[in-house]
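One chain comes next, on its own, written out as structure tokens in the form predicted on its own.
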């Protein structure tokens, strides 16, 4: 088992990566079982695939385990669903000792983490990500949240899990398009922090059938853990993890949540951000071409019907706006991200031409 530490003092925890780790969860978590209720929050299709088996294993090992399901898609990240889960926890007679197991992708992790951060003013939870995107990004760092009409993740908290348990074997059971969508976030880590990793990803994408997902997950997790350990609350360095997300989140909101996968939107947003970086003189034209060529190896959707003014309106509501100033993530060079607070509105709108 490969173990990566997120160093946050009293809130430190491990990211454990191992093929087949799901079967070992009862023994891994046994030291944390003190007779409390354990609640798996997941989606029904995932419960049928792996959740009910996990729950049975836990109960046979002496855990008191039950489950709550969420609907599929971004619709789950709503105030109504949040409220419903809280009510179910109360009906199940859960208390401050209850531990949540978040079994799912980014949506499940975001909602579960927010529930854990707020139920009884905070209870313990573990992340068990089941998508590539969640494995390399959303399960690590404690960002939780739900969506409102005005934008994505505008209500939430930073609340660290007790641990992250990653089983790369789960990826074999997912539709290939879901896995490929998550590669957008994997590319991001190379783009902002490790040019060698980015080059490796580009080569691996030439033969997607032999892509070393376990190796890529491990390196992406190492980068995310390093950044979060240095900047838990996004005061500086952690902002770089938003590369591609400013336009990406706007695309999701504009096109409709669920109409485009998050990883796909981020990949398209990175193409825009790369173009902006080059246009403003931060990154060379050749480097931007190299980044674009790597992203274009993914099977991304066409977004020809995008209104630049609408995209800009969503950008203006982005969480990266501080005191009316947008902190836009750019690349100084491949493998080195930075933030810029002087990106003109017209340049953001013009950048959309590279994805249309």
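Residue numbers count along the first chain shown, from 1. These numbers come from a predicted model, not from an experiment.
Keep in mind that the form predicted in complex with a small molecule is missing from the display, and what follows is about it.
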Checklist entry - Thinking of the small molecule in the model of the complex, which stretch from 127-135, 277-285, 212-220, 192-200 has heavy atoms inside 4.5 Å of it? => result 127-135
Item to check | 4.5 angstroms heavy atom contact with the small molecule in the model of the complex for residue 271 | outcome: no
Next on the checklist: residue 101 versus the small molecule, in the model of the complex: is there a non-hydrogen atom within 4.5 Å?
Outcome noted: no
Item to check | Close approach of residue 55 to the small molecule in the model of the complex, 4.5 Å, heavy atom | outcome: no
Checklist entry - Is residue 46 a contact residue for the small molecule in the model of the complex, using a 4.5 Å heavy atom cut-off? => result yes
Checklist entry - With the partner left out here, if you bring back the small molecule in the model of the complex, are 74, 143 and 174 all within 4.5 Å of it by some heavy atom? => result yes
Checklist entry - Which one of 180, 107, 250, 115 is close to the small molecule in the model of the complex, taking close to mean a heavy atom within 4.5 Å? => result 107
Checklist outcome for this item: Exactly one of 187, 89, 165, 170 comes within 4.5 Å of the small molecule in the model of the complex through a heavy atom, and that residue is 170
